[in-house]
Each structure stands twice: as C-alpha cells, then as structure tokens.
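Only one chain comes next, encoded as structure tokens, the form predicted alone.
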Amino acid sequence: MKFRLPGLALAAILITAPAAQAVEFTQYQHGKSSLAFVYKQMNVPVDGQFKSFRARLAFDPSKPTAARAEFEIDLASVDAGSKDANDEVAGKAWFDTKAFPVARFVATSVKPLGNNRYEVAGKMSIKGKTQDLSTPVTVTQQGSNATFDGSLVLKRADYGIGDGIWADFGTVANEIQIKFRLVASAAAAK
C-alpha cells in the first residue's frame, strides 16, 4: 500500500517548516586576526605589524549593505622590527602615541562586488587627521567563522606621519601598504 500526501498538504508542511536561520558575524577573534604593513625605506621593503587592535563587526552575508564595522589600533603596539625602530615610530615625528594612542577606522558603507568581495568605505583617523578611504574586502565563510581579508595603501603624509627629517619620501616612501585579516564567529540573527 502506497501512502500519498495530497499536494496541498505537502505544500503546507513545507511552508510551516522552520526557515534556515540567518547568521551575523559579530564575535571578533583577536587571536586569529592580524594587521601588518609594508613600507619602503631607501627603496627597501620593510615589514611590520600591530600586535594590539580591536574590531566591532556586524556582518550578515544576506544583508551586506547593513554591515557595520569599527576598527581601533593601539599605535604603541607597533612592531617595526627592532626596539629602536619601535621607539622611533611611537615618537612625536611618527605616531606621537602619547598624544594620539589610537588610530580608528569606522565604515560608512559596504557595497557588494560579487564573488564574496565587497567594497568597504569609511573614515580613517590617525594623529588627529581623518581621511575617507575605501578598500576591497574578501569574505570567506568556514562553518561558523568568517574571515575578512583586505589590503590598502595609505599615504603617510595625509596623516602627518613622519615629520621633520622623516618627511623626505626618498628616505621613507609616502605609500604604506596595510594588510589585514579579521576573523569573526557567527551569532544567530534575531
């Protein structure tokens, strides 16, 4: 004996079945995230990183234009390769970390570009100067985690970084490439 559900009953079951719950990535994971930079000194690439930074994220892949992001960097946590270099860039001519301990980026818009890529635009504030910037970000989901990878080029003169004898772009280039990887875990959407 075969049991058949009438078409209407089957449709009613499918309509009342619980919908898949959307996810929103909000739980920033510092230990899995990184913030690095590359600049050229006398045309030689030099790598560095920031060890202390925080992010507040809210990213739902089904509603990317509603995303929110804020990123704060503890400028005194810079690792420019040596204690002398770290002390120099924390000083008044560079980051002046006593007067300006934190750099901050606040996103103002997120635009989908396709293939898990987005253009994030916002305001970057360093040393009391704020500039508009935008950067492409690639989002990779693995289970309940999302990784946000991107890179951009900042011009240090826009923020007054490297004054006095360091203002010469022949010694230290104006362009600094920033590379970031932020990891966040999902929280169930409300």
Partner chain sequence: MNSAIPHSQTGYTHTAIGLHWLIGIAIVGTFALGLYMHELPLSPQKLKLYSWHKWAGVTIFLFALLRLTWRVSHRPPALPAGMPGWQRSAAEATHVLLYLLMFAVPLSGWLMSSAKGFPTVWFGVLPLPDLLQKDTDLGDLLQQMHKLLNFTLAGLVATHAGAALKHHFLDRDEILARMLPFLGRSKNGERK
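No experiment lies behind these values; they were computed from the predicted model shown. Residue numbers count along the first chain shown, from 1.
Here the subject shifts to the form predicted in complex with its partner chain, a form of this protein not shown in this document.
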Subject >> its partner chain in the predicted bound form: contacted by all of 41, 81 and 166, heavy atom 4.5 Å >> reply: yes
Original post:
Should residue 172 be classed as touching its partner chain in the predicted bound form when contacts are defined as heavy atoms within 4.5 Å?
Top reply: yes
Original post:
So, in the predicted bound form, is residue 76 in contact with its partner chain at a 4.5 angstroms heavy atom limit?
Top reply: no
Original post:
Would residue 90 show up as a contact with its partner chain in the predicted bound form if we use heavy atoms at 4.5 Å?
Top reply: no
**OP:** Considering only heavy atoms, tell me if residue 36 and its partner chain come within 4.5 Å of each other in the predicted bound form.
**Re:** no
**OP:** Sort through 124 to 132, 139 to 147, 43 to 51, 63 to 71 and report the only stretch with a non-hydrogen atom within 4.5 Å of its partner chain in the predicted bound form.
**Re:** 43 to 51
